[in-house]
Structures are given as C-alpha cells and as structure tokens.
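One chain follows as structure tokens, the form predicted on its own.
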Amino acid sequence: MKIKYRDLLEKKSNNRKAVLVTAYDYSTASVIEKCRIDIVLVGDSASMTMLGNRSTLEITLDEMITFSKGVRKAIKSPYMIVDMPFMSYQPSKRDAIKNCGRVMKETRCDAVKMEGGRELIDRIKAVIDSGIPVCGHIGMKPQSYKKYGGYPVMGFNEEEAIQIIMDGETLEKAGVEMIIIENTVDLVTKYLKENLRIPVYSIGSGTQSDGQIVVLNDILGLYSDFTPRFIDRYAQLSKVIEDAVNRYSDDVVKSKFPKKKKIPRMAKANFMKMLEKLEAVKQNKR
C-alpha cells in the first residue's frame, strides 16, 4: 500500500515511529521495497557513497536525478524524498522553484528536501507556494560543513539551541511537510517533536523524535574505515562482499567456475560435422 503524507501525520499523532532510510540505486531500492520502511530518501550523501567524493557539495543536480530515477523504478510503497544538492536552490527563488520542479517532474518523487532555516526561508517558501512538497533539514547541515569546520553536534549552547528551535518553527509556518534534524542534542529534538504539528525525524539527534533516518550503507557496514558515532551496524557487508569476490576469484583460477553442469554443451560428433562444413565453406571462398 502506498504511504501518503497523511499516513505520516497519523503516525505522529498516534506516537508511532516512522522508519526512514536512504537509497541510491535500483538494486538496493528493490530490496528496501520489501522491507518495513515508511520513507526512502535519495540523499545527496550519494556524493560519497556512490561517487567517492569527500563531501555532499560535489554532487550535481543531474547526478541526483539519475540516481533518483533508478530508485523510483523500485520504490512503490514508501514515501520518496529527493535531496536538493548544494547550490541548486540557494542562489535565488527562481533557481529554487525551477530546479525543485525539475526534480519533481523527472523523478516522480513525493517531496524534495532542502537544507536551511530562517536564512533560506524565502527560497523554501517560494518552492512550497509553487505547489512542491518540501522536507526541511535543520540542526547540523552537511552542505554547510565548511562553515562549521566539520560536522559538529549542534545545540549545546543556548544560542544554537534557540536558533534551531526557531528554524523549526519558521519552517513549519512556511508549510514544510516534515523536518529532519541532524546531529543535534536530544532535548532540542524532543522540544520540536512535542511543539510542532509536523513530523520531526532524527539523524544522530536522539530517540525522542517521530522517527529515525540513517544512511543505508552505514547500517549495512559497506564502509570498512568509517562509521558515524550514533550508528549501530546491523551487518558487515563489506566483509561478506570481499569474501564472496575472493571465492569467485579462486574458483576462476582453479577452473571451478562455471560448474560443469552449468556450461552449455554440444555433442562432439555434431561439432566435428560442423568443422567439416566450415572447411567446405572456406574452400568454396578461395
């Protein structure tokens, strides 16, 4: 059954947690479609997970659309959101409406996600007013990591906490459908959950939210050298893949792959007759 926005609001009103994950391609999205997932986000974290970049800043709008098209072909039931990449909406209201509209049209997603609070509210509201559903993103905003000097936990001091709360309230007033709050202290998350009518979803911001979102590759253990501080690994697929590929490599070297019963075969007598005909054809062409 297709999950609609009203279903997400109903979950919040009934104090039932929503489950969110990222996806970047058709193959993994096909598996996610079979899981108990409410929302799939095609995150700009694809910049690192799929393209090997150092941050989210390097991914382009065209690349995000390509990844999202693949995910959309597999995702039928969960609500699907697409991240708007860096500088696709920040320059002007015109850019924001044009690029968000393009993403909605070409990917057939249910909403777009835009990072920013009061500093970008005019762009965010312009997109909403044009009829495009928006998911907000506050707290630590990865597209601003150079301004922070990294990826800090936000909200420890009074000024930051006030700013994040006011960002959340401003976004709700502007008409965003939901908010993702990242790397923020749990009491700020709890306050917003309890005081906003829209869902507030956490990534690294505690359990007192309306749901949780994670980068799929993190919980599957597809990285061997990095895991965010708040992540629990539910599998170690990097090791599984490494072992499987090495077993395949060994079988090729030892001529064990493919197995004999899986090799297409031809009777030797028929093959010899074919060779005779081949030789006759060659003789006629000389």
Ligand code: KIV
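For every residue, the number given is its place in the sequence shown, counted from 1. From a predicted model like this one, the values you see are computed outputs, not experimental measurements.
The same protein has a further form, the form predicted in complex with the named molecule, not shown here; the description that follows concerns it.
Residue in contact with the named molecule in the model of the complex (any heavy atom within 4.5 Å), chosen from His137, Lys193, Arg72, Arg123: His137. Ile180 is the sole member of Val103, Val188, Ile180, Met154 with a non-hydrogen atom within 4.5 Å of the named molecule in the model of the complex. Heavy atoms within 4.5 Å of the named molecule in the model of the complex are found in one stretch of 237-245, 251-259, 43-51, 27-35, which is 43-51.
Contact check for Val200: no non-hydrogen atom falls within 4.5 Å of the named molecule in the model of the complex. Ala111 falls outside the set of residues with a heavy atom inside 4.5 Å of the named molecule in the model of the complex. In the model of the complex, the named molecule lies within 4.5 Å of some heavy atom of Ile213. Using a 4.5 Å cut-off on any heavy atom, none of the residues of 264-285 reaches the named molecule in the model of the complex.
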